[in-house]
Ligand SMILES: Cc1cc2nc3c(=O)[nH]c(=O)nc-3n(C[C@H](O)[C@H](O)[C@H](O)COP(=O)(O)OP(=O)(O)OC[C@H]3O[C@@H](n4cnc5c(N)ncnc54)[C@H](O)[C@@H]3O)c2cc1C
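In the block that follows, a single chain appears as structure tokens, in the form predicted alone.
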Amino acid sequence: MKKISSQVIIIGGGPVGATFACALASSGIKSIIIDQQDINTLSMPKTDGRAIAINSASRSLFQTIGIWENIPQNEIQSIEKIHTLNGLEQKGLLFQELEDTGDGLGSIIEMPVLKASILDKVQEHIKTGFITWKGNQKVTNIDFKDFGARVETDSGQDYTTPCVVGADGKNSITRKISGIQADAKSYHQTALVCAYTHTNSHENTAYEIFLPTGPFAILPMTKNRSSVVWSLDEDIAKTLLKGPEENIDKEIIKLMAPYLDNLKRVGKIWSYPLGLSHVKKYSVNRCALIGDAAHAIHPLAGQGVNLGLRDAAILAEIIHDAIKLGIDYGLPSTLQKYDAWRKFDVSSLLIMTDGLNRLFSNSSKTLNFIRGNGLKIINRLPLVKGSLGKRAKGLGGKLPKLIKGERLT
């Protein structure tokens, strides 16, 4: 079978991999996406219960490469305030938009809507020839050489490229074949995810309530709905899931009741095991990792997908700049720039969210005193609070051009 070549080969066409392909295409770089599913199947995604918090940085990226305009505006719910509370206390830390920009702190978009909108843009680039989608194929081997890489799939097809990018999730075959090691641990927590309608307005407000059993998040959605992400000890979650769903509803409604009225669940209750992982390096010769293939984070910060989208923006810029200068962008010396840019940024966020989860997810009276007073102190320090708010919006640190609203030209 004839070998197929491309400037970049992307393993995995999920939201991060597909966005990366669009970022490359917007700067005139061709890529092939290899995925286990056909694009037409993925373009009609089924609900998985998740409502994704898209921060300001990711929104800017989407706007720059033309994805944001594909998202139906009536499917986007803005977040204007975030309350962070210690237990059920009514006093806590409040983040809110300080400048009257109208942009808010972020947006909530349901995962099926987000996937479909990204793939709409992919389809546009497929028509122009800048993206090729090879679906219903599973990668079986990748041969990394000094002069390039060769990707083999179970269809018998061979693909060659100067650079392979793994965007194939937390069980990444690209990571495994490349030999990149990752530190990983289980939180021994399960996230229960569901949505409720209510009669009063959520007022574009999100809540992060730290309970001894684990973080409890309430996210505003469109159509007078709110999404819940409840991270529970896995044994408690298992017991709840074995019983009637009405018992889970009672517990969740009890926690939501101080903020929302006449709550009724819509849809099913979903559950996801939680863990942390982070690669020791983001690239090797001819290969780089983005998204969950590179890192997995606790959902309490709402930054999982956003971190992957930032990976995509940064790596697209590095590859673009190398091509413009006539440099081999698959060499370790080029991809090391991506490593250096991402390692500290991601590590610091992983450490922060891991520490917060351990600090707040326990019933220690001493730690309860420390965390309660800690939130009060931060609330009185505008500079610290402002820095945390900026990080939540994804606007801290060195920003890639696509997030700054600048096209790669």
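From a predicted model like this one, the values you see are computed outputs, not experimental measurements. From 1 onward, residues are counted along the sequence shown.
The protein also exists as the form predicted together with this ligand; that form is not presented, and the subsequent description refers to it.
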(request) Using heavy atoms only and a 4.5 Å cut-off, determine which of 111, 236, 327, 126 is in contact with this ligand in the model of the complex. (result) 111
(request) Name the single residue among 191, 142, 82, 195 that comes within 4.5 Å of this ligand in the model of the complex, judging by heavy atoms. (result) 191
(request) Decide if the three candidate residues 281, 317 and 400 all line this ligand in the model of the complex, where lining means a heavy atom within 4.5 Å. (result) no
(message) Within 4.5 Å, heavy atoms only, one stretch in 197-205, 155-163, 131-139, 178-186 touches this ligand in the model of the complex. Which?
(response) 131-139
(message) Please determine whether residue 272 contacts this ligand in the model of the complex, using a 4.5 Å cut-off between heavy atoms.
(response) yes
(request) Look up in the model of the complex whether residue 53 has a non-hydrogen atom within 4.5 angstroms of this ligand, and give yes or no. (result) yes
(message) At 4.5 Å between heavy atoms, is residue 167 in contact with this ligand in the model of the complex?
(response) yes
(request) Considering only heavy atoms, tell me if residue 34 and this ligand come within 4.5 Å of each other in the model of the complex. (result) yes
(request) Would you mind checking 224-240 for residues with a heavy atom within 4.5 Å of this ligand in the model of the complex? (result) 229
